[in-house]
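As structure tokens, one chain now follows by itself in the form predicted on its own.
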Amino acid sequence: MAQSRAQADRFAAHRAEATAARLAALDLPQGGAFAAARGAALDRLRAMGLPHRRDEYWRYTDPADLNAAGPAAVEPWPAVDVPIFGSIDRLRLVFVDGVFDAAQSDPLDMAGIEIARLAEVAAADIHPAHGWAAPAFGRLEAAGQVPVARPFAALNTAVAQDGLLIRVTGKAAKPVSLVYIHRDGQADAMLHHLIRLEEGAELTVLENGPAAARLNTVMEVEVADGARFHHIRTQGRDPDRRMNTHVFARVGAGALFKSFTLTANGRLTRNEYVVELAGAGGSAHLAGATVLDGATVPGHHDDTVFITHAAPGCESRQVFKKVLKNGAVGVFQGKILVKQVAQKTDGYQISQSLLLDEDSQFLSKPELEIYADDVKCSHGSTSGAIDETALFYLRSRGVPLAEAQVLLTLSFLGDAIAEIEDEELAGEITRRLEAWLARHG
């Protein structure tokens, strides 16, 4: 017992020291519209401390690079000739090294939607035009700290000085596209986006681009009754990036929340999702397609998901697929919590990996915690190689080996891509995946 207490004291001291060092390297915001929320987040962070590898939800992912006072230098990845989503009619909003760039962005003006910069609203003590934001900022992040601590999300709420505040009152005419550009090799970016969809509203948000040497993002999304929110993002192709993203969502009655992430490469990527189905008949679909090749840079990708069914008649889907080669590591930690009130729940969770060599690893921890008695919940996790029978079938019909492997790999990822409702966006994602697989064949 004395040894366990001494060990716990050492871990607590480690967390406190790491947290103090991390905060000492940052310029903490002072005053402004979000001062109360930032102060509360800072208190949460200091109370829980930055994570340690021995923490249950960090046992598969070493947080050392995220804990460090500063990021390792990274050579900015060159811009591609044809950026993803470039052919999509969209409202383009650009961030360079984590700072909004008005000169490269479209005007913040579109019917049915109000958009403001976090930096501008936060700097004001009173901002009547965006009065909804102050009480909402950090609220979902704070609620998402229970039952699992998420220290980097608290750090973001306390410190992030830029991002977008988006309020949707109708159906947005076109997607809002967040484009991230990386120029400074030691950029350490934090972005906090706050999004609120009023009843019956609809919005699609796109995210893409190498943002920084190290990136920490929080997206808080309130989806009111009958509203529909679609989120599609790509992470890649900068292989040396380190990033930790957080999506917190609250879904109202009859509302829809969908998020899809395509990840290619990356030294360290951890995507966290915390979603509460708070109104009867709400739906939440989370999906991810990951392709990692550790030949040049060791690749580590972690999806950590927590979905709470807190109302009757709700549906959730988790579909995560990973393709791993040359020693890459994939992690999936997914939980469905069904509260007693959430009768008629339909919860589905699948996590699968395709291992293209014997050196790669897939570590999975699926969980169900159910307190209602009239539910339909299932989860599954598998890991394996390319189906040799299917490969032989294609080869026997004249399909070259490399092309056959690409086709079977795309088929494996297809269930995740199918979660994208917009066919044009799904086609764009598929084309990018096919090109990546051809390059890394």
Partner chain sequence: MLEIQNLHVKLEEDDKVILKGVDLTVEAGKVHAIMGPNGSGKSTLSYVLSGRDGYEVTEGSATLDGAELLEMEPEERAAAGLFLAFQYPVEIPGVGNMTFLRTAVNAQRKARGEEEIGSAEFLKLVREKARTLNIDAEMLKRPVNVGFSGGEKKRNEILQMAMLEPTMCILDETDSGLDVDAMRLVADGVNALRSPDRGFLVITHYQRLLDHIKPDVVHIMADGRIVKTGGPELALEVEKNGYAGILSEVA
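Everything numeric here is computed off the predicted structure, so don't read it as measured data. Residue numbers count along the first chain shown, from 1.
Note that the form predicted in complex with the partner chain isn't included here; everything after this is about it.
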> Do residue 399 and the partner chain share at least one heavy atom pair within 4.5 Å in the model of the complex?
Replying inline: yes
> residue 36: heavy atom within 4.5 Å of the partner chain in the model of the complex?
Replying inline: no
> Is there any non-hydrogen atom of residue 46 lying within 4.5 Å of the partner chain in the model of the complex?
Replying inline: no
>> With the partner left out here, check for me: in the model of the complex, does some heavy atom of residue 68 sit within 4.5 Å of the partner chain?
In response: no
> For the spot marked by 96, 102 and 106, is every residue within 4.5 Å of the partner chain in the model of the complex through some heavy atom?
Replying inline: no
> What is the one choice in 40, 26, 377, 408 with a heavy atom within 4.5 Å of the partner chain in the model of the complex?
Replying inline: 408
> So which of 394, 372, 64, 386 gets a non-hydrogen atom within 4.5 Å of the partner chain in the model of the complex?
Replying inline: 394
> the partner chain isn't shown here, but in the model of the complex, which of 377-385, 27-35, 408-416, 48-56 has heavy atoms within 4.5 Å of it?
Replying inline: 408-416
